[in-house]
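Have a look below at one chain only, the form predicted alone, in structure tokens format.
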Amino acid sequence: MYPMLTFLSMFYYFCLRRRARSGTRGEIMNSRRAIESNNRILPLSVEVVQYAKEVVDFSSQYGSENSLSYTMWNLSGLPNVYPSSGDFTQTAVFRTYGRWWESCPSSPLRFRRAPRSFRSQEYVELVFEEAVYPTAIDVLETYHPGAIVRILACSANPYSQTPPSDIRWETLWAGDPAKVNISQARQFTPCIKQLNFMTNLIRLELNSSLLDYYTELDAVLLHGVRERLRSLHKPSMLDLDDYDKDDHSLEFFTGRFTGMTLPEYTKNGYFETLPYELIQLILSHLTVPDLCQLAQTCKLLHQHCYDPLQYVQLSLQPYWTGLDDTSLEHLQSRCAHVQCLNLSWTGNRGSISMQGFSRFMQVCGFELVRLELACCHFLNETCLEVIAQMCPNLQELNLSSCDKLNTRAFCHIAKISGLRRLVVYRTKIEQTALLSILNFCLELQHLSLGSCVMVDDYDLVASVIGAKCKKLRSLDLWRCKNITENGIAAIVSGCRLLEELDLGWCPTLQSSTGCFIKLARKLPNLRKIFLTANRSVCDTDIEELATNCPHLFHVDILGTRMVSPGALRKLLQFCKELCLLDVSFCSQIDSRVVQELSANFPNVSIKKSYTQ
């Protein structure tokens, strides 16, 4: 009898789940259901199906900070596009895709010993109106699906007046990046892990490296119940344990095994006869958690695993879910010689304090050459002041999407005179601080000012860049709102070494002024040029690029109306290294032209987006 009851209960449960997934925002199923567990019938709450109410954090976006086109804000509320597919402005789109950016002059070197299980490149965090125990998550992907690699849930309720003292992140699902060869929109509904806490904060992490074009997301639905489910079977995502291993290994950072009695290393066979340098080389291939675990085996390996030379390069971004002040404190003794440090995504929601970060920098900052702090919302003015004081040898600083930093904080960067790479994309840096940085940081080679909306006069900034930054190799002015031909003239006259220039979505630049012709003639080393959404770009501009910039490998002229197929043929013929050309929404370049050019130049990936 009991097996029959179990079967009927499960059948009824799945029927209700199917009905729930067709619901709209806030719809509640007005039916009770029961599931047999341990020979008892447990009544469960009605299932709630809700769309995201708000987007609270994200790593990047294609759109502007002051509009809704291609921005993360489109992920909140009901679908705008689904079930249609294609390139729509009403969707959420991240800044980049594919692997082309790895070949750009501005691309930094990868950190060594990153765990293979960490694949995430971008993220977005969504809040739902009601906290539930999740039973399913639907992500509506309307263009180039397959980028989602991890879905997480947080125990903190952003709407609660009393935040929990212990904030936990749990992985609901994890997988590999994929290239899904379908032209239709899809609803991505992976099997998720059951939680022992309620949540209304969901995080999607993405990796678009395998995609041919930008991935576009339309909406996210959270299915859940108000009372915890008693599972009839083992969780379906048993392999999550393997994925989470590196996250949970943070317990080894916190000195949990400090009091252990380690065995002597008097009987280690031939291993202890190996040269010290050779053992160090072998251990350099281990991830940081693996080092921490290996250190617990014997005193010999403890000595090797705690050697500061093993931590010259240290990326803690993969462990952002558990990194806190205690973790940094126990890493200090091992990081005396750290030169490259990645803390991106870490420390948010109070897990790292200003005091904890400052103490770590005071101990470990002197030899730092590279510091990655993208999306670190715990940073404040004091933190940047400490960086400027304690990191005299710093050459690379990434503050991408640190949009909580106040405008005064950036003034301290001018004290780091040896900077060669500075990323302040999507920050509140203002003109005064930026001009100070440009006047004192004369070694700058890579500068990213994309989506910096607080700068009032980009022509003035450009004039200082041209006068002071003679070594500049890459400049990102993505969505710069007011630069004109005068600013471009100053840049190309003073920065003759430029290889990468992003002028995408700069509406005040006009081809009729000759600024693009001057750009092409004065920057012969140019390898990447973005003229995205500039409708004034014409055949003459493209032909000048073809004649004067033979090393171009990436050109984006999305949205131009005046470029003909003939000009593109000349560009493709003259620029033998060209590998990526975006002509989406170019009115004179239809699909037939793209097919013809692709056949004649098979080594070039020619992009032409579509809508259905």
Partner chain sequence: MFSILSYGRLVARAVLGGLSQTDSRDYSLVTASCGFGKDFRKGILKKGMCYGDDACFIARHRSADVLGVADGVGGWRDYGVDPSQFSGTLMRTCERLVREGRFVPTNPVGILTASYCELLQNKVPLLGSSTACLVVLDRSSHQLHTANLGDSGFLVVRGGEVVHRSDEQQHYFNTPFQLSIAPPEAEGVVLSDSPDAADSTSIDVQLGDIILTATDGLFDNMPDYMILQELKKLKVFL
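Positions refer to the first chain, counted from 1. Because the structure is a prediction, the values reported are computed rather than measured.
We do not show the form predicted in complex with its partner chain, though everything after this point is about it.
Mapping the unseen interface onto this chain, residue 90 counts among the residues with a heavy atom inside 4.5 Å of its partner chain in the predicted complex. Taking the partner from the other structure, its partner chain in the predicted complex has a heavy atom within 4.5 Å of a heavy atom of residue 73. A residue is said to contact a partner when one of its heavy atoms sits within 4.5 Å of a partner heavy atom; residue 68 meets this definition for its partner chain in the predicted complex. Contact annotation: residue 155 falls outside 4.5 Å of its partner chain in the predicted complex, judged by heavy atom distances. The partner is not drawn, yet in the predicted complex one stretch among 435-443, 390-398, 533-541, 282-290 has residues with heavy atoms inside 4.5 Å of its partner chain: 533-541. Note on the partner interface in the predicted complex: the residue among 525, 296, 417, 510 having a heavy atom within 4.5 angstroms of its partner chain is 510. Residue-level contacts in the predicted complex: of 564, 547, 573, 64, one residue has a heavy atom within 4.5 Å of its partner chain, and it is 64. Contact with its partner chain in the predicted complex holds for none of 58, 209 and 425, as no heavy atom of theirs lies within 4.5 Å. In the predicted complex, its partner chain lies within 4.5 angstroms of a heavy atom of only one residue of 577-607, namely 585.
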